[in-house]
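Quick heads-up: it's one chain on its own, the form predicted on its own, in structure tokens.
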């Protein structure tokens, strides 16, 4: 049988700001439309953040997610993955609310506290559209993205008890060992959906040896109990995705992770990046996994599938 490759798409995120790209989706409609376009292009999982529609600032209020979730689920059967990472400046309770309220099939879970540098481009932006943007980026110079053992355990218990499974986001080798700790305690349950992330300042780099090291470590710790995916930040997005596909892995793309389609050319949508990734998958003689196939591969709970009626009921 031809191997199926899961494509995840993260359409907006919480680090990039409106001044960085005119194509970054901001409003609920823009985010939902971007997600549906990405799903139509081949993404089987959509990783979701929300934003204030007027300022573009990251917003984790459940009410902000409601129209996004309803609109996507009405038009697509993609797996909806709600972030618990939110923004590094948010409290854990703020970050966790949407996943608790909507109990999605998948929620992201960061596997360790870390420096998360996004301040490098502060001076390159000449004119900021909104006052919050510069301080948001500059704040990553002195801030710490908090994900303590206690935080992780709380998310595993509170969301896991509702049937939600997790995209385990691992930014360095130590995060894999942290996940192994929770697997040993039976708080994390296989199959583990492990997203290894390369190129964030403060995490592991984006050299091919870094990718190989993370893969070998995960193989040793988890054997056949995990599904491997990669996320390359910025210009590393497609090269690292291509490496992973060839080595038996899956991938994530989207404007959350990179604003570019190729050197010197901004991506006009996350769907463009999905199409590029799917082209690589096809060129290697593999097939893109459908949402149904992704659900089977990850052992997702059908009762947690987001629908417009579940969204309305959750807020009632």
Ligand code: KMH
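Fair warning: this is a prediction, and the values are worked out from it, not measured in the lab. Residue numbers count along the first chain shown, from 1.
Just so you know, the form predicted together with ligand KMH exists too; it's not on screen, but the next bit is about it.
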| property | result |
| --- | --- |
| Listed range touching ligand KMH, judged in the predicted bound form by heavy atoms within 4.5 Å, from 134-142, 69-77, 156-164, 104-112 | 104-112 |
| One residue of 240, 200, 179, 192 in contact with ligand KMH, assessed in the predicted bound form (non-hydrogen atom, 4.5 angstroms) | 200 |
| 4.5 Å heavy atom contact, residue 172 to ligand KMH in the predicted bound form | no |
| Touches ligand KMH in the predicted bound form: residue 49 (any heavy atom, 4.5 Å) | yes |
| Contact label in the predicted bound form: residue 59 to ligand KMH, heavy atom within 4.5 Å | no |
| Interface membership of residue 99, ligand KMH in the predicted bound form, 4.5 Å heavy atom rule | no |
| Partner contacts in the predicted bound form for 285-307 (non-hydrogen atom within 4.5 angstroms of ligand KMH) | none |
